[in-house]
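Only one chain is included here, represented as structure tokens and corresponding to the form predicted on its own.
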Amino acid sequence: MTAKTAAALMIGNEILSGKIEEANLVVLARALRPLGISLRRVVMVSDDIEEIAREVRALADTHDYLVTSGGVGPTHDDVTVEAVAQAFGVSVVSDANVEAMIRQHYGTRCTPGHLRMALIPAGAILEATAQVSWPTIRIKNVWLLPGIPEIFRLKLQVFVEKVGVSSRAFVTHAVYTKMDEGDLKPLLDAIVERYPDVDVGSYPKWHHERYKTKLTFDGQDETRVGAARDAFVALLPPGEPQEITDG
């Protein structure tokens, strides 16, 4: 079964200016792999409606899923809902159920700013689970998640449960050596040629007491991934590898 694809759109001036360190991408990538979904593209944009809308259209058209991060709060720079609505040619509406939840949560402290968080693109679905009752906005194949890492992780659970496993999970094996990449290249070339269906990665590490280069073997066929790893290990000189791990 062919892996479904996903893209991520990370939104916020604070990310591009370096004021905030982006923390959601790695969480998303790791959550997708057990689902058999391949994260194929990541785009970072500023808080600009036209720019966000343009990227949403392009990414949603070319991937099975698009997950956005950021821009769904109550302030002036939270424009993701408006941008996604524009991307799909629909209006922005206030959802009565979400508005009621907001009013109940904030009580007498509820402000018009708080109620902005009830805005959704017209026709959007509000996804929730038994564990995460506060709804997550989805319109077609686009999921709108908040940028705050703690809430992003919480809402990502909704995506994972609703989407479910689409194909075989990705499998990763790692091999650690004290060889540098120049010496490893001919060995890796042989494995890449022999196992074209396995994604082979090489990641050097400077000044590490245990290893110099980490090699990874990824794919959806566990037998093939394991065979590629074992074939590579068989090519290593005596004394190598330093360590082999799963995952």
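Since this is a predicted model, take the numbers as computed values, not measurements. In this text, residue numbers run from 1 along the sequence as written.
Form predicted together with another copy of the chain: not shown, discussed below.
Using a 4.5 Å heavy atom cut-off, indicate which stretch of 145 to 153, 96 to 104, 125 to 133, 158 to 166 touches another copy of the chain in the predicted bound form. Comparing against another copy of the chain in the predicted bound form, the contact stretch is 145 to 153.
Classify D64 as contacting or not contacting another copy of the chain in the predicted bound form by the rule of any non-hydrogen atom within 4.5 angstroms, answering yes or no. Answer no; every heavy atom of D64 is more than 4.5 Å from another copy of the chain in the predicted bound form.
I'd like to check something about R210: if you look in the predicted bound form, is any of its heavy atoms closer than or equal to 4.5 Å to a heavy atom of another copy of the chain? Because no heavy atom of R210 falls inside 4.5 Å of another copy of the chain in the predicted bound form, the answer is no.
Although the partner isn't part of this model, could you tell me whether L235 comes within 4.5 Å of another copy of the chain in the predicted bound form, counting any heavy atom of the residue? Residue-level check for L235: no, no contact with another copy of the chain.
Residue contact check: R57 to another copy of the chain in the predicted bound form, 4.5 Å heavy atom: Result no; R57 lies far from another copy of the chain in the predicted bound form.
Residues in 197 to 212 close to another copy of the chain in the predicted bound form, defined by a heavy atom within 4.5 Å, in order: D199, V200, G201, S202, Y203, P204, W206 sit within 4.5 Å of the partner.
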